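Shown next are two forms of a single protein chain, provided one at a time as structure tokens under the names structure 1 and structure 2.
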Structure 1
Amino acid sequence: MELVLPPKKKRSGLKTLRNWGIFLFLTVMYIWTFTGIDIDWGRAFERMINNFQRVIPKLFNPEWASIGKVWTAMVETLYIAFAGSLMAAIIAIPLGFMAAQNMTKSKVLTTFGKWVLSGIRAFPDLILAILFVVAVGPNPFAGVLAIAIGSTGMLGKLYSEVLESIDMNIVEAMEASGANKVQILFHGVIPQIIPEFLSYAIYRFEIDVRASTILGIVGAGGIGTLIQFAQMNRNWEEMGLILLVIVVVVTIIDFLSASIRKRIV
């Protein structure tokens, strides 16, 4: 028996016109953006070619004599990321509960909680690092605070979404059987949220390790300080070693983090 394919659906003219409109709009936006930037493209291209020939070969020739110094700075970076992530994972819990509609059952509190978390997320880590360097001085503690506050916004939002998705039938059954708030919290809510809370906290640590590598550029400690010194001294061999260490460590942490999260959830 011969199989007959169903006829192709005719494309409507309105849909085609809409797609062309989007394409033209994006094209105009790109042209407007590039023509609006005051760049000497010829000079920029020439400089890029010169730097490429001068810098790139040195980056691939790491200065192994500096491995001790670079490794010490990388370990400090990991400490900053870990301490900041841990602080954020703890601070985000009450904020997550406050922003979850089914936990507070108060529109005012939920809205306030969501605003607080949105306000925190509005600040990039680098801006927070500059503010804390001004507040507590140029040291790793400024980096820890920047990571902690920056991560709290994201974790608080994710925690609130986890809380809003829990099975409320369990909570309602416990309420009906006369359980108090503390019993409901420890036996009805926390067992449902622990795996995802841990998974998100580990995932955020993974992000914070990458974020911590650049905080030293503004004086907040870690391997970013070495990056700045290497760039100022045009020591591209040491820069190559720093980048190599960052890539290896971040890759290992990504792999371990994914493996642990897969087992938790």
Structure 2
Amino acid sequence: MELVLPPKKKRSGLKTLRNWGIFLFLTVMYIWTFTGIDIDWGRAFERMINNFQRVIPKLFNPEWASIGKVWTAMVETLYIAFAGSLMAAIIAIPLGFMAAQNMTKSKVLTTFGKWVLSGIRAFPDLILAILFVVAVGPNPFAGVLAIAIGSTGMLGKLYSEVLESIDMNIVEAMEASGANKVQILFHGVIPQIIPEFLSYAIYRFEIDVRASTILGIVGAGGIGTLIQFAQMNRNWEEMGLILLVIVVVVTIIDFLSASIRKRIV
């Protein structure tokens, strides 16, 4: 008996055309990318060889003497993240209700809400921080505002998705038995959304802790300020310590947040 491979599946003409289109697009994109980008490999490697001994071993040899300073800055970072997240978790509630189709019966309002939320989400946190540093001066307050506004976009979107997925039968049953809007809100809607709202708010706090570690680079307070000083002074031992503290604290926060969220939902 001769071994024969099964026949290959025939591809339709349209699919072949589409695949060629994708292939062509990717080729053009990569040609544009690699001809456009300008890297001086020779100089970069020369520098790397010169700097390697000056940087890498020092990163793994943290300067323990400055632990007090670094820890104070890290705690400030946590304050910024917490104040910002909580503010966002509250501001996002009305926006979430506005953007949820089943809560706001008006289509115009829903679309408007969705646009506002995705508009906010398009600003990187650091750009918001730059704007607020210019507005209120280089202090942690600017960081809190940046985190608060930046998180509102994502939380509002997640909230509206939670609201759109609730069981509407309960709301309808309450309407039918003559409950007013406030009663429906408190007994029909809120009990269904609380666990998920809380879980998302805690999840966002996790993200905000990471985000607020770098806000100081643009002057918005927290441990990023020290990162900037260490970069200017080429103090790589201190940078090593900062990095270590960030890794440890973020890991602990992630772990705590994950275990709390598991219990809530």
Partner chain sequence: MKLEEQKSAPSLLPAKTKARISVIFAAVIGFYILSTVKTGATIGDLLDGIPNMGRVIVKFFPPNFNVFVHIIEPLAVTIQMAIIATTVAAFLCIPLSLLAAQNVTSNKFVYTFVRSFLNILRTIPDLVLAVIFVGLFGIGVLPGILALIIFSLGILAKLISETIESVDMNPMEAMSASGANTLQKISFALIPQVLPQFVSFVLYVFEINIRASVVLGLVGAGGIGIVLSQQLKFYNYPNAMLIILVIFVLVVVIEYISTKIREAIV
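Here the rigid core means the biggest group of C-alpha atoms that line up within 1.5 Å when the two forms are laid on top of each other. Treat the numbers as computed from the prediction; the structure is a model and nothing was measured. By convention here, residues take numbers in order along the sequence of structure 1, the first being 1.
Taken from the form predicted together with the partner chain, structure 2 is distinct in origin from structure 1. Core-superposed comparison between the two structures: the CA of Val248 stays below a 2 Å shift. Its Cα shifted by 8.4 Å, Leu17 is compared between the two structures on a rigid core fit.
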